[in-house]
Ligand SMILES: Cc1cc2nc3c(=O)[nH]c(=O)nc-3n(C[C@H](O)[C@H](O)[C@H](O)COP(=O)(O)OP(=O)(O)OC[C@H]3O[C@@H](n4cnc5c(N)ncnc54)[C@H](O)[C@@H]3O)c2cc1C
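As structure tokens, one chain now follows by itself in the form predicted alone.
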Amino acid sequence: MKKIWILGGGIAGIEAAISLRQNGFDVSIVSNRDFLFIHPISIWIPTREKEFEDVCLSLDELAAVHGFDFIVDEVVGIEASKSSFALKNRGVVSYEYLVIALGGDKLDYEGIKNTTSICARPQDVLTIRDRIDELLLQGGGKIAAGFAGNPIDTNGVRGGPAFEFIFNIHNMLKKKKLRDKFELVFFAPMETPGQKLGEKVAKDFVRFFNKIKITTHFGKQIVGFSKNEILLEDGSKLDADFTMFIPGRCGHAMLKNSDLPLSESGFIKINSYCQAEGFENVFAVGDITSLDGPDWRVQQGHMAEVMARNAAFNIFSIENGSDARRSYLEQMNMICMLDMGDSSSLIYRDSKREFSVPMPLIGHWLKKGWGRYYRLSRLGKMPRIPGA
């Protein structure tokens, strides 16, 4: 079997490695850190329901369980026309097949350093936790949370964790009997945030914000941030003692040092089989890609895993002279357990239907259970549920 290199040790990269190893390929992963960060359950680090270590999986341990090689290094360039990529420490590496799963970058804003994102570097979640702790010690304050999209790419948005963050902060403060000492603010440039999750869900959000007394500011573009302010397009400002903000998404900065086909926002252009356009032996999965599909499409962890499994299947088919292919477009859907601190809503959407199911209390524990399942199943300590 041929040697396959995977760039990126996140959810998509690990799923690709596991699937390729199951098909007998020789696999090596390159990551700039030695752990996989389970972003979907990191929402509980700021509320101290989880420690940082609870949200990390050792890549060395995963490599030992699944039989792939792993090195810590930074990818600095890709020359797909020569089937090679460059690493900061090891120099140029040649490949027979390449799977790119490096994730994306965030759009820049004036004064963005005055905010912290729950969807950026793993260590940033600790900064959020510590700032919340400081405000708790003060006995009160104003906490703002928000997100934005990419104006030129409807796929360049991730808003779910912002909703989960503010709902969990509300619930934590309520448990500590401090809710009346804090003002919570949620902001976004869209008129109706959450529409990608469905019209009904977006309306439910508005009602829920009103019910739990979270102030909302929607429909005004965000132009920047100062130390304690969110600056809006009409010259108005929102003040906050701490701001958690998830910017719109764009392509990985390293891709500027590549000859891969990129969208206007810098994502890798792929066909429905996850192949980079024009390169049969280069596949891209997860947040680094430019997705086709309906307007409500978003990059989620489960879709990244679908793409990773499809890429592995398609590589296996190519190597075995088969015409069989799997397309992510045929499996496009949105599914999430949106956590609210003491409950959750199961949200689903595809081309034919959309629905949300409120799950008081049990939904919260189901999502926490998924976190434990993910860890144990990837470490081979419990069976995998097909598709989960």
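Start at 1 with the first residue shown and count on from there. Source: prediction; values computed, not measured.
What comes next is about the form predicted in complex with the named molecule, which is not displayed.
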**Message:** At 4.5 Å between heavy atoms, only one of the stretches 295 to 303, 227 to 235, 210 to 218, 140 to 148 reaches the named molecule in the model of the complex; which one is it?
**Reply:** 295 to 303
**79, 199, 134, 74 - the one with a heavy atom within 4.5 Å of the named molecule in the model of the complex** = 74
**Asked** Of the options 188, 128, 102, 240, which one has a non-hydrogen atom that comes within 4.5 Å of the named molecule in the model of the complex?
**Response** 102
**Request:** Using heavy atoms only and a 4.5 Å cut-off, decide whether all three of 17, 67 and 309 touch the named molecule in the model of the complex.
**Result:** no
**Request:** Classify residue 344 as contacting or not contacting the named molecule in the model of the complex by the rule of any non-hydrogen atom within 4.5 angstroms, answering yes or no.
**Result:** no
**4.5 Å heavy atom contact, residue 21 and the named molecule in the model of the complex** = no
**Asked** Does any heavy atom of residue 285 come within 4.5 Å of a heavy atom of the named molecule in the model of the complex?
**Response** yes
**Asked** Just to confirm, residue 27 within 4.5 Å of the named molecule in the model of the complex by heavy atoms?
**Response** no
**Sequence-ordered residues of 29 to 44 touching the named molecule in the model of the complex, heavy atom within 4.5 Å** = 30, 31, 32, 33, 39, 40, 42, 43
